[in-house]
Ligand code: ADE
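Shown next as C-alpha cells: one chain only, the form predicted alone.
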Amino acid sequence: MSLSDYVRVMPKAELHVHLQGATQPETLLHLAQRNGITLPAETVEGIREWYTFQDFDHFLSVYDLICECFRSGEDIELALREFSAGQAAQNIRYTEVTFTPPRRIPWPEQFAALRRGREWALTEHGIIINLILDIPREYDAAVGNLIADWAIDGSRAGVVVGLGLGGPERGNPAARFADAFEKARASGLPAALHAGEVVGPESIWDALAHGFSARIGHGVRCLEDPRLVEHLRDRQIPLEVSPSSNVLLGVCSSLAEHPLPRLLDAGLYVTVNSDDPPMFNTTLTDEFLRCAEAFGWGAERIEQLTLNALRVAFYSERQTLVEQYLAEFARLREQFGIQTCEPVESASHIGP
C-alpha cells in the first residue's frame, strides 16, 4: 500500500474550514437559482472558473457573493449536508466548520438548520460536525456582540463550540471586538481567531490579547517575531495551518518554500487544514499529500498532525476520539503493511 492510499483511507480531522468557502459550484448554482440571485456564470464549469483564485480581493468578492446566496434556514441546511457528505467521502470523521451567520436570517431559524444538518451528518455518515460562528473583521463592534450572543446561545445545545474572527486582517484589529470575545470567554466559549497570514506578528499578538484566542487560524507569520514564537511554543498554542491558502495568498512563493517545516522544527503546535477547499483547489486529503511530497513526510507525521487536531478540538469527547483514531491507525497499518510504504505519488498542483 502506498502512502497516498493510506492517507486517503485513514480517519482524519479538520479544525479550519469555512462552510461558505467550502460551497461547491453545483450547490451555489442551486442556491442562487432558488433565491433569484445572479451569479457571474450560469453553469458549473463557469462557476468553477469564477472560483479560480486570482488575488485576495477577488477571493473576498467571491466569498461575499456566496454568503449572499444564503437566504434561509433551508439554504444553510443544504450547504451543511453537502459539506458533510464531502467530509465523509474523505473519511474526515471530526470537523469544526466555521460559519459566517447571515444577519438577514433570524438566529432561531439558523440554529435549527445547523442542528438539523449536524444530526443528518451523524445519522447518514457517522461523522461529527461542530460549528464555530465567525465575526467578519470588517463589521462593527455591535454586530460582533450580536454574533457572540448567537454563539453563546448555540453553545448551550452543543451545536456551537467556538467563536471566530475572519475576513481581511489589514485595518481590522481584533481589539474592535474585545467586548464580544470577553463575553464569550465569560460564558466558557473558546475562541479561534484568524491572524498572522496577510498581516504579520502584530495581528497574532492582537488576537491573543483582545480575542483570548485558544487557537490561531493560520499564524504562519509568527516566525517573523522570535519572542512570539517562544510565547506560542511555551504555551503550545495551536496553529491552524492551511498550506495551499498560504501559497495562493502570497505568504510564500510555493509549497516548497512554505514555513511549515520551520514551524515544526521550532516546536510549535501545528495542525493542517484546507480553509476554503474549492476556491483553493484542494481538500484536506490533498493538503496532506502535497505536504508529504514537498517535505518528505511519512505516515507517522500525518498521523501525528491528525491527532494534534483532535487533541485541541473544542469538543468534550476529544480524548475518546483520539483513542479511536489510534486503534484505527494500528489496524490499518497491520492490514496494509504501512511500514513498507512506497513514496507518495505526485500530488496535484496548487491553484489554477
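Remember, predicted model here, so these are calculated numbers, not experimental data. Residues carry their position along the shown sequence, with the first being 1.
Keep in mind that the form predicted in complex with the ligand is not shown, yet the notes after this line are about it.
This chain lacks the partner; the member of Pro261, Pro108, Gly167, Gly267 within 4.5 angstroms of the ligand in the model of the complex by a non-hydrogen atom is Gly167. Proximity of Phe295 to the ligand in the model of the complex: non-hydrogen atoms within 4.5 Å are absent; the residue sits far from the partner. Put simply, Tyr325 is far from the ligand in the model of the complex: not one heavy atom of it is within 4.5 Å. Proximity of Ile152 to the ligand in the model of the complex: non-hydrogen atoms within 4.5 Å are absent; the residue sits far from the partner. Among residues of the shown chain, Glu240 is not one whose heavy atoms approach the ligand to within 4.5 Å in the model of the complex.
Figure note: of the listed segments 193 to 201, 70 to 78, 228 to 236, 83 to 91, the one touching the ligand in the model of the complex, with heavy atoms no more than 4.5 Å away, is 193 to 201. By the 4.5 Å heavy atom rule, the three marked residues Lys12, Glu96 and Tyr315 all fail to count as contacting the ligand in the model of the complex. Annotation for 215 to 248: interface residues with the ligand in the model of the complex are His218, Ser245 [heavy atom within 4.5 Å].
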